[in-house]
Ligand SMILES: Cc1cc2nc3c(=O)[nH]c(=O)nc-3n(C[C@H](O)[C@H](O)[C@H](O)COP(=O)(O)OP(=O)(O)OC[C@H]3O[C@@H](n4cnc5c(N)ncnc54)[C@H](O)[C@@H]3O)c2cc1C
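The data below hold one chain only, encoded as structure tokens and taken in the form predicted on its own.
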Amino acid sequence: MNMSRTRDTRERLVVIGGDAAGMSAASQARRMRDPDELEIVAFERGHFTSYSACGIPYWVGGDVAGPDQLIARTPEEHRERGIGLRMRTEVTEIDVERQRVRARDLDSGTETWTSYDKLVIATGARPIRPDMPGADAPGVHGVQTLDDGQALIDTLAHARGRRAVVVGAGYIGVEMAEALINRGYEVTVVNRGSEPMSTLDPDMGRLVHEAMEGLGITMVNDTEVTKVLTGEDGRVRAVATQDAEYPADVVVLGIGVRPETALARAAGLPLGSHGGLLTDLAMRVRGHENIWAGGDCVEVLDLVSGQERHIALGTHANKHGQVIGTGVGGGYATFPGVVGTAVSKVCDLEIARTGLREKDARRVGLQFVSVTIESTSRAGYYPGASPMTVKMLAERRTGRLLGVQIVGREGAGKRVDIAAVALTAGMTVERMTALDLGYAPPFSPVWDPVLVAARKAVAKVRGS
């Protein structure tokens, strides 16, 4: 069945994906163009729209009461605003030449073709499932959508024991390990890296390692899971490495995510080295005037290294959606790129980074200096001052700021925003030392820790 236009001459926008990028694009396009000018049809294969996937670990851990608190806008609310949203409907094919998509109703199995004048691809990312025996066994969970979160919570509620293994120690792995500890599970994290949080340099990751062990989490580094072992009932009972087995009643995959671009690849759309769609500054798919893409399925420009990279973050996805919706609606907006800012926590330990790590700088051929300083979150004499470690990278010849990593207690994480702004502005570490930051003893020492690191980096640049 081909749902071509027979009743009117309105343009039709088709959106694939009902979360941050897709629904932000649809909502912005609707604000800019009336329903009598632009019909909007959106497809979502899950049960939820416009939700915070970043909040799933806090739901699992009990800090958030339920999925409703993670939903910014329901399907009904989108429909009330003039968006034709079709839930539990998965797009299975994009026909670029004939400007149409084929979708399957997951409940009835019915398939239909829907034509488009303009198309937005916002298919997100999928958790990486290692290619090994048992990876798809009952009790093994990836966590990317609210449906994934609900499936994990259901497993936890009916698990035979209280042993959990988290495979991987990136943001998802670390946050899920804490969530499982909060639920009373005995948690082992198996990590193939030398330290957790590979988004940090290993010396900073060591601080996270120590904090995780302080929570009672067993860390197994430099080790790769080779198979998931199952019991007679087919459910997971352990994970195996080359040298050991770790009993598990539930396994959570925290290895990371990949762009969900199988549809785009099959349609012949351009993909980058990380598997994400390639777009121009207006988020239009390269070489296709009427197709846009945004969110976790695209690659973005790293403003520090000058290379494309894949970063799955809701902040970027929402911005992409705003840019796309503006373009679809006839306006003008761009997304210039990112500097790679991220923040997380383990219990009361705050972890933040922006810009390049040492290995990133080496990979793109930058010569750099690196400094690490110890400071406090407040004036040392003020009650509640806590230690903070700041690592800073600067280009050897020019002193241009390249990256910052921060690990500490309360007040540490959001300090990375100072560095994010400095990176975006292309500042040198010397110029950073003159920044007029807010000061009072309850908030900072006289010299903020970020500026202390900048001063030390200036001295090292001059010495080099």
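Values in this document were obtained by computation on a predicted structure and should not be read as measured data. Each residue number is its position in the shown sequence, starting from 1.
One more form of this protein, predicted in complex with the named molecule, exists but is not displayed; see below.
**Student:** Please run the contact check for Thr315 against the named molecule in the predicted complex: heavy atoms, 4.5 angstroms, yes or no?
**Tutor:** Close contact exists here: in the predicted complex, Thr315 approaches the named molecule to within 4.5 Å, heavy atoms only.
**Student:** Taking the named molecule as it sits in the predicted complex, is Asp249 near enough to touch it, meaning that at least one heavy atom pair lies within 4.5 angstroms?
**Tutor:** Flag for Asp249 set to no.
**Student:** Is there a heavy atom of Ile16 no more than 4.5 Å from a heavy atom of the named molecule in the predicted complex?
**Tutor:** Within the cut-off, so yes.
**Student:** Although the partner isn't part of this model, could you tell me whether Gly124 comes within 4.5 Å of the named molecule in the predicted complex, counting any heavy atom of the residue?
**Tutor:** Gly124: contacts the named molecule in the predicted complex.
**Student:** Which pick from Thr326, Thr188, Ser305, Gln144 sits with a heavy atom within 4.5 Å of the named molecule in the predicted complex?
**Tutor:** After the contact test, the surviving option is Gln144.
**Student:** Which of these residues, Leu366, Leu263, Leu156, Val338, gets a heavy atom within 4.5 Å of the named molecule in the predicted complex?
**Tutor:** Checking each option against the named molecule in the predicted complex, the one that comes within 4.5 Å is Leu263.
**Student:** Would you point out which of 50-58, 28-36, 402-410, 423-431 contains residues with a non-hydrogen atom within 4.5 Å of the named molecule in the predicted complex?
**Tutor:** Residues of 50-58 come within 4.5 Å of the partner.
**Student:** Mind listing which residues of 14-53 have a heavy atom within 4.5 Å of the named molecule in the predicted complex?
**Tutor:** If the 4.5 Å heavy-atom criterion is applied to the named molecule in the predicted complex, 14-53 yields Ile16, Gly17, Gly18, Asp19, Ala20, Ala21, Gly22, Phe43, Glu44, Arg45, Gly46, Tyr51, Ala53.
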